[in-house]
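Starting off, we have a lone chain in the form predicted alone, written out as structure tokens.
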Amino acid sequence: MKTIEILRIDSLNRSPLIAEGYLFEGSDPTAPSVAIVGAMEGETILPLYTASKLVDFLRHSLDDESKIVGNILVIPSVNHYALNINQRFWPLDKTDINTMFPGYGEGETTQRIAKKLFDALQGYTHGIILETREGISTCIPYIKLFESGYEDLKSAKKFGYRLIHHKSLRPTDTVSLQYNWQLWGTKAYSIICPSDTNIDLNTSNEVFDGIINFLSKNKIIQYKVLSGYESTIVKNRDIEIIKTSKSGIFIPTKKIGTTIKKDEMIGKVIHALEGKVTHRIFSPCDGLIACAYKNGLIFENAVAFRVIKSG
């Protein structure tokens, strides 16, 4: 294993921002290769934890170094400053590094970070980005792939996650790492992780096992794995968005990842001062709860659940 410096940004009032990567050189220079990017965001540490766990696995859990067949680069964290103070975006100007690609070496700080990171990621056949959901919600782990014309849905199934969200490409997505990485010839995938602030070991294991599945099935490592799910490809039209008609204390009665039936109660809203139930939330369809609002207080007309419709 080699530790390499990916980027260094000097600071006037604190230590420099130094992002490091861990390079595991494979035994076969012609084999597929992969780069894995952990936390570009703060506010949740699951991407950081998963990437660091992968570094430990590659160092200690393979009984023979030759079982690392293709080159593997793991960058556990890019945005240390945001992680340290539990903020989602770059703390100084609230910009998102993942909307700055391919970057600009003479631009703003996050543009320069994106440029240095993007330069270090060139030449890999595959790329994995660990992200968390936007907004006040949590979710089951899934793959996000843009409808860009460069995506590889068949290969994305090798992770073995339950869902692959084949998502319509918005104009703002063209400055994401996934899109630009694909544009430059790398098969890139975003793993969307739950945005919980605490580490749930079952969920973290699911995210980690998916990456190991992918590395094994692409013959980047030699490691026997158990097959995951037969991934379901989901379009925007397959997602039922369920909103509340009242504000108050939000209590989900079904967990994310649960299969539900039409007209089944999945949550309720309690009057914040009087304690009575003011609204019960029923599923309008059969399906799977993929995403749920995560705060205890919810506003009127807020999105409470996203359900993947079945049938």
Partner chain sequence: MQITEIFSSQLPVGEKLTIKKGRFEPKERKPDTKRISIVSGTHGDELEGQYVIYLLSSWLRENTDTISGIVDLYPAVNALGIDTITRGFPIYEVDLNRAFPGSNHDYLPGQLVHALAEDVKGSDIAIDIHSSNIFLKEIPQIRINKEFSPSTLPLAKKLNCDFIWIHDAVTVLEATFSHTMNEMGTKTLVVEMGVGMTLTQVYGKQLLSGILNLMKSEGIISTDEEFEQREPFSSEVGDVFYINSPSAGLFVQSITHCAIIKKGDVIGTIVDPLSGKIHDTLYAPSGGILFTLREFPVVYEGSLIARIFGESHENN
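These figures come from a predicted structure and were not determined experimentally. Positions refer to the first chain, counted from 1.
Below, we refer to the form predicted in complex with the partner chain, which is not included among the displayed structures.
Listed residues Ser283, Ser52, Ser247, Thr258 were compared with the partner chain in the predicted bound form; Ser247 is the one with a heavy atom within 4.5 Å. Only one of Val225, Leu183, Leu92, Ile233 comes within 4.5 Å of the partner chain in the predicted bound form through a heavy atom, and that residue is Leu92.
For Phe208, no non-hydrogen atom is located within 4.5 Å of the partner chain in the predicted bound form, even though that partner is not displayed. Heavy atoms of Met265 never reach within 4.5 Å of the partner chain in the predicted bound form, leaving it off the interface. Proximity of Glu25 to the partner chain in the predicted bound form: non-hydrogen atoms within 4.5 Å are absent; the residue sits far from the partner. When the partner chain is considered in the predicted bound form, Glu108 lines it closely, a heavy atom lying within 4.5 Å. With the partner chain left out of view, the stretch that reaches within 4.5 Å of it through heavy atoms in the predicted bound form is, among 100 to 108, 140 to 148, 70 to 78, 120 to 128, 100 to 108. Site residues Asp152, Lys219 and Cys291 are none of them in contact with the partner chain in the predicted bound form, judged by any heavy atom within 4.5 Å. Contact residues in stretch 148 to 162 (any heavy atom within 4.5 Å of the partner chain, taken in the predicted bound form) are absent; none meets the cut-off.
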